[in-house]
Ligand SMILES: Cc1cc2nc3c(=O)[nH]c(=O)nc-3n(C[C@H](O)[C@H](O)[C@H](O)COP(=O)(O)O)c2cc1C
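Here you get one chain, nothing else, as structure tokens; it is the form predicted alone.
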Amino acid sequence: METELSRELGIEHAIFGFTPFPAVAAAISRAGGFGVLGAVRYTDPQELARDLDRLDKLADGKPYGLDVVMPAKKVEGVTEADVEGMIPDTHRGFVQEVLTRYGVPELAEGEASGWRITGWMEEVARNQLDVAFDYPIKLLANALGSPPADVIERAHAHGVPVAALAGSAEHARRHAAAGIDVVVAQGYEAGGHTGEIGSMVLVPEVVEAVAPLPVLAAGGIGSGEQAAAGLALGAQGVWLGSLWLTTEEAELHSAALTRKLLAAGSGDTVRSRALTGKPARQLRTAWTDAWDDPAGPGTLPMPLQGLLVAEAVSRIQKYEVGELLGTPVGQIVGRMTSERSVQAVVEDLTRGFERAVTRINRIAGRSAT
């Protein structure tokens, strides 16, 4: 699965794997792809440095990247406490009511929430970059689109190309104008934050909109055949996230959540604002249903919702409350039916890609005759 972009980055397969787990990112890179570590959960720069140390060691010299969450517009002087103060008491009460309804225990005294979406904040994300550029990262991706102009300039000064996710052609054109090097066209089927347009429509629109910039196809890709379709639509690689959640190297720390993922079908996800305040595809649960219920208070805008539910999500995960337990994941969850190593997943992707190419070549040969 070689493309011009994969050759530029020195990887064997044009498979870009986004993951919150350092061991998974390293395994993707060792398998010939390009592992990308998600940084949003790292509020402490020292924790990020620790995991980048681990990733760098495990990658065995293979290239890898980092994904941050930064708004394009700089917002300075706003602290987490300032944002917390904007959360209405009615919403706090609703969270407690749902937790009480399902019997979710409290965290132990003094135990801090281990899940907070604060990486979007200027001070947190910039601290992450201060750490990241001390490591040989080969790509900086931003999940919220184009990062601030000075961040792009800083990355380029370090020789690091910048990628940004887009959910529409217009979004992609703004990335190109901002100086982005790689556009990730993320379709409606994808896990996490997504737009309204399906991948089959989105990818060729984005390819045409930003040519000659390279485009990665994301959303609805869980097999080599689907990867081949993305490249056939003009992409120079595929960006995969959900597929790695049930790999042996993943560190979900929840057997119950792994079982839910393995049992889920492609129709068991929903785009909901319950997690972050922006539409994000995730497993449908009683938690997402509660927030999407018109009788409830409704979700808050990002980042208020993420801060509001942080402790609740930690409690749900720690005590594995089945009805409420979920995670961001795409519609390809229906293909995730067994725990496999990252190496086995990559091998399956490349074999499927080869089958698809052989099939198309055979059809093309018949057409030519």
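Remember, predicted model here, so these are calculated numbers, not experimental data. Position 1 is the first residue in the sequence shown; the rest follow in order.
Separately, the form predicted in complex with the named molecule exists; it is not shown, and the next lines address it.
- Using a 4.5 angstroms threshold between heavy atoms, Gly191 counts as touching the named molecule in the predicted complex.
- Among residues of the shown chain, Gly241 is one whose heavy atoms approach the named molecule to within 4.5 Å in the predicted complex.
- In the predicted complex, Val210 stays away from the named molecule, with no heavy atom inside 4.5 Å.
- In the predicted complex, the named molecule lies within 4.5 Å of some heavy atom of Thr327.
- You can rule out all but one of 328 to 336, 307 to 315, 25 to 33, 49 to 57: in the predicted complex, only 328 to 336 has residues with a heavy atom within 4.5 Å of the named molecule.
- Though the named molecule is absent from this view, in the predicted complex it lies within 4.5 Å of a heavy atom of just one residue from Pro214, Gly167, Gly224, Gly220, which is Gly220.
- Contacts between stretch 142 to 161 and the named molecule, counted in the predicted complex as any heavy atom lying within 4.5 Å, involve Ala143 alone.
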